[in-house]
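Shown next as structure tokens: one chain only, the form predicted alone.
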């Protein structure tokens, strides 16, 4: 029998292994400025969001006090759902406590509708965990390789005589690569092969597309709610907290009953709902913030010699020693650029993830460019 000391010794061995593999994580200090924030539009500090949140805090208190199926279904939930569905050009939506819960719940609830999931090799952990919990066959396909999925479906159809019911699961703007999914090809695939498509727009919302509506807007696509579900979060470009799924009203009804993260989680506080609504109102009123972010992104890409693009996520790759030196040089200006290790990224692809926000100052871009060009062998984008 293992005593308390035995457990602590086993725990210590695990920590030592994390140290050896470079996977042990530490919380950043408070005295440094993060260059990897997801507050792309700097809305977390917007005075109108703060004012709306304070007003609702005084009116409704600090917490929701229960799940939405019990005591936590404040009317602002429905207002927010109408607003996010409209912003995403969809028919209906459901709001969750986090984007993580939105992905877990949506995949889990719809698992009974499909036989096979196809998951992009670089999908976020929330999508991967949702697929694991779904307990259905999951095929991981090479990043953004739509033809690979088509070939696999053809092989399965020839061997069984029938086409499987399937769902493709992908991010829209990939959080560690900074590249976009081929949404047009994926949409054509599920139309032609009678499948479903789940697109996580956590990082694309508010950052890409002329009005910041995401990847579908950027590609000039409308999307079919019979076949496509869009998930995302209010915690990144919108500066708040919470997740959402925009989908056909019938899928929404299924999520209310079978989405475990929805059923068994405390709802968002009303003050958070109010500030999320204000963020959507600001985004819907014009694209000034999106244009300003795009300009800031262009400035950094030019300073680094990176390819042009609207994505605010710019990975810096290279040897670990060069990455560490780049990081140390920035720290001299109290700028913190975290080094990303496996399993967050594939083995051998360590990187520093820069994510441009409207909170950045021009001098930071100059400093980042200087640090980047001091090292040899670094690649941006």
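Residue numbers count along the first chain shown, from 1. Computed from a prediction, not measured in an experiment: that's the story for all the values here.
Although not depicted, the form predicted in complex with a small molecule is the subject of the following passage.
Note on the partner interface in the predicted bound form: the residue among 269, 99, 239, 90 having a heavy atom within 4.5 angstroms of the small molecule is 99. Here is the short version: of 74, 252, 124, 156, the single residue with a heavy atom within 4.5 Å of the small molecule in the predicted bound form is 124.
Partner contacts here mean any heavy atom within 4.5 Å of the small molecule in the predicted bound form, and among 146-154, 170-178, 278-286, 189-197 they occur only in 170-178. Each of 103, 203 and 235 comes within 4.5 Å of the small molecule in the predicted bound form, counting any heavy atom.
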